[in-house]
Structures are given as C-alpha cells and as structure tokens.
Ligand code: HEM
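For reference, the chain that follows is the form predicted alone, supplied as structure tokens.
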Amino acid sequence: MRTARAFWRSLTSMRTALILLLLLAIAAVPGSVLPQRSVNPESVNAYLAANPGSGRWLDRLWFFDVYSSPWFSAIYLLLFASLLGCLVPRLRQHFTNLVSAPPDAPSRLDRLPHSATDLTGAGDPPATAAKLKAGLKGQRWRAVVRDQTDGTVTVSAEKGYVKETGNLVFHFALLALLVGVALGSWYGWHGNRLVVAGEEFCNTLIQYDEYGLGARTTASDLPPFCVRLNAFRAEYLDNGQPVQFTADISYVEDPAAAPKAWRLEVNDPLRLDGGNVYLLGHGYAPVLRYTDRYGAAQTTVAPFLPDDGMLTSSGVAKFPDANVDPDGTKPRDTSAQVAFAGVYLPTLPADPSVGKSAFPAERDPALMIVAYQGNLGLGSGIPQSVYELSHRQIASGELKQVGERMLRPGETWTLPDGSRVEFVGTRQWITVSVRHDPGEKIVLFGAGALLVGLMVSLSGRRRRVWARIAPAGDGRSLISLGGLARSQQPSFADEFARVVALAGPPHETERPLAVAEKGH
C-alpha cells in the first residue's frame, strides 16, 4: 500500500506530467517521419520492400502503427491519469478557497511587506470596520469582519483567485485536448477520392483512392451515403490566380431517398450525419476515343494531374483490351496493347515548345500525346500507377513508343498500324476528402479554453490586505493596515495606497503617517 501511494504521489506531480508530455511529443515523431499503415499502407509495403532488415524490426515495434501502439497508448494514458490526479485535488482546494473566508489578520501588521499604521477612523471600531469593508467590496475585494476578544475588530480582504482559476482552466483544457485527440484517433476515419464530372461514389472503402480508419473503427461503421459530381466551375483573375471554386453535387443519405443538391465550395463543406465532404482540388480529364485495327472503338476518361498553377497536367490513358480479335479465333495478344501518355494544356501558349499552359482555364486547349504499343504489364501482379506508364516495361522494350502528336478537341490521329485516336474533349474532376472526427468539437473547445485560461492566468495577481481597528476614544478608532502580494507586483503599492485612503486620515497625534514598504 505504501509503495502504491508513493507511485501515485509521484505520478500526479506536475514534474511527472511535464516529463510525460515531453515523452508523448518524442513518441509522436516516428509517426510523422515513417509511413503509417492506417494512412498509406502502400507506402509501408514499399518501405518494407526497400528495407527488409530494419523494416521488419520497426514493424515489430509498431513504428508503422505509432498511434495505436501499446507504448504510445501507455504514455498517453499515464499522462491523462497524471493530469487528472494532479488537477482534481487542486480544483477541490481552489473551490474551498473560493467559498471560505479570508484568513484572520496577523498580530504584527507592521512586519508585512506593505503596511500603514496610526490611521484614524471616524467612528467606533464596528462602524469603521463596516465602512472599510464596504469600500473594499467596491474595489472588488472579498472582505470579512471579525470581532476579537480584546475589543479590536479586524478586516480581512483578498482578491486575485482568477489567476488560479485561469491556471486550472488551462490544464483542464489540455486534458480536454487529450480526450478529443483520443476520440478522433479511435473512432475517426477519412477517405479521399477523385471524382470526374458525371460520376458518383458511395461511402465504402473500396471506392476511395486513399483511406484511414481509427483504431476502433471498422468498414461497417461508415455511414451509408453517395455523392455525385454534376458540374464544376472555377473563376480566375487575369494573372491566373484562382478566385472561386464551385462544385455542384447531389447526394443521398438513404438509398430510397431522392437526391439533394448542394453547392460545394472550399470553405463550405457538405456536412452529413457521420461525415463531412470537403473540396480539396480540381483538374481536367481528357476524353480519348481509340479505334483499333479491327474497328472496335473504346472511350476512356483519363484524369490528368496538375503540374503547376496554370493546370498544365500530365497523365496516361491505357487501352489494355485493344486489338483483340472480335471473332475469337486468334489468341489474345498482350503485346498489342495501347497507351497514350501526354500533357494537357488548357491554354496553348504562343510558343508550344514551352510545354506549359498560359492560363488555367480552357481558352485554347491542346493535348500533346505520345503513343505506346506493347505489353502494359497489367497482368504481372505488380501494382502500377493509373497516372503514368510502367518505366520497367518501357526500359525492357516490352512497351515501345510509336509516335507523338498534338491534338485539339475533335481532332483524330491515325497511328502507323491504321488504328486511330480521337481527342473528344475534357471533363473536369475534383478531389474530395470525406472525414469524421468525433473529437473535433472537444478539441476546438479545448483549444479555445486553453488560450483563455492562459491569458487569465498570466493577467491575474493574488494579494491580501488586513486591517486591525482599535478604539481610540471620543468615538473614534485607530487603524493599522498590512498588505501582502503572492508575487512581485510593482502595481500593488498603488493599490495598497488606495486601500489606505479608504481607511482614513493619519491619527492627529502622529506626524507624519507611517507607511512602510519592505522587501520580501
């Protein structure tokens, strides 16, 4: 029992809380340096493949799942327990101080850092004490009057508990931040998706390009809703600087419900029950129609990714089912697959050799493409990017370049084997982020309370004053005052002088008034 008490006393000390807070910050560093499995499992697999030795040990030590690891959770819970055990007794003591009366006056007021003696009150001690108490309350002091056994009356007053109040608010706000972050880490989730105009996606993991689930969240916890992109509009200044992005979308939260319209903007997300949809970015998706040597036509919409602020975009359109014998009499020839890698310019510059768009809007669009034919390597089992061709296939010669051309919308290019590709036009696409964080409001409240508590704590000053009032005859009183500040406060001397002025003038037999200010 004694050991448990010593451990708890050590755990709930402020020094331990600061050490745990430092350890938590250090423990979070690997989560920002190394790829995390909950955010990007592909990057984790790539790291393990590139570093099989160290990667295996890092994986065993949870360095790719830092925020759900036992050691990070242990530090987090110990910090939470330390703060809670430290703050609850302080809160109880602070409440006791707020409701209890200020302590009685010490016997020797002249020994306090600030003192004034031999003041005269116009009235007997009880009346003078009542007048002084009223004046102190007018200056927002908490004051209490006590009758002493020797016939004197004392007045005790204090102010500045707002400093401790701010201190407690600051630390409880830090505790709220820990709770909010923990809730978000356990029960939050997010998913990112690129959506082309005219397409729809539903809130399932397989339809996200990238997603992350909280430690206590599963795929079945995601709320059912679907979102469709109907149109996208962008406004720019003459120098190409964006002004406004607007996406017209429709959504359903129930499969049996009718779609609802919403105008999605950068700072105006779609807020649904269980998830919010945010607009992140946009770009162009060229539409290519390829007709192979057998006359079979295929159309693909290939999103190109922006390379600069003028939306010069690069990407690739793949046709793995091209040049397949429609009669089925010939075996499938994977070496006859076709792909087009290109750069899309929304506004063609005066010098096309620059290779960069002159403006982000489609004023004079052009598509520069390079045709490749051969084996795309899609059946090799090795993952490929949908935005670029396999460099391994090109380097090995299995995928060969057969020509290049610049096309305007509606133009057709005939390849050497007689097949044709037509640049039909473009569609706009947007990237959206769907997020749910149950601790978001708690973190927001905690951050605001933390700032308020810090400012109040820094501005508050704890101080006390006392008065001892004795009868002086002729219906008058003799007053002695003392003051004490909990910290070095140059302004307290002026405040104590105002309290002295409330008490009354110097006693007639004393010249001059004895007012002392001593060092601590």
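Because the structure is predicted, anything quoted here is derived from the model rather than measured. Start at 1 with the first residue shown and count on from there. Superpose the two forms; the largest set of C-alphas matching within 1.5 Å is the rigid core.
Quick note: we don't show the form predicted together with ligand HEM, though the next part is all about it.
Heavy atoms within 4.5 Å of ligand HEM in the predicted complex map, among the stretches 114-122, 146-154, 278-286, 77-85, onto 77-85 alone. Contact check for Leu22: no non-hydrogen atom falls within 4.5 Å of ligand HEM in the predicted complex. When ligand HEM is considered in the predicted complex, Thr347 lies well away from it, no heavy atom lying within 4.5 Å. Ligand HEM in the predicted complex comes within 4.5 Å of no heavy atom belonging to Arg193.
Within this chain, Met14 lines the site of ligand HEM in the predicted complex, having a heavy atom no more than 4.5 Å away. The single contact residue among Leu174, Leu305, Ala361, Val266, judged by any heavy atom lying within 4.5 Å of ligand HEM in the predicted complex, is Leu174.
Proximity to ligand HEM in the predicted complex, taken as a non-hydrogen atom within 4.5 angstroms, holds for one residue of Leu34, Ala46, Ala27, Leu454, which is Leu454.
Proximity to ligand HEM in the predicted complex holds for all of Lys163, Phe170 and Leu458, with the criterion being a heavy atom within 4.5 Å. Taking ligand HEM as it sits in the predicted complex, the stretch 88-121 comes within 4.5 angstroms of it through a non-hydrogen atom at just one residue, Arg90. After superposition on the rigid core, displacement of the C-alpha of Pro89 between this form and the one not shown amounts to 2 Å or more.
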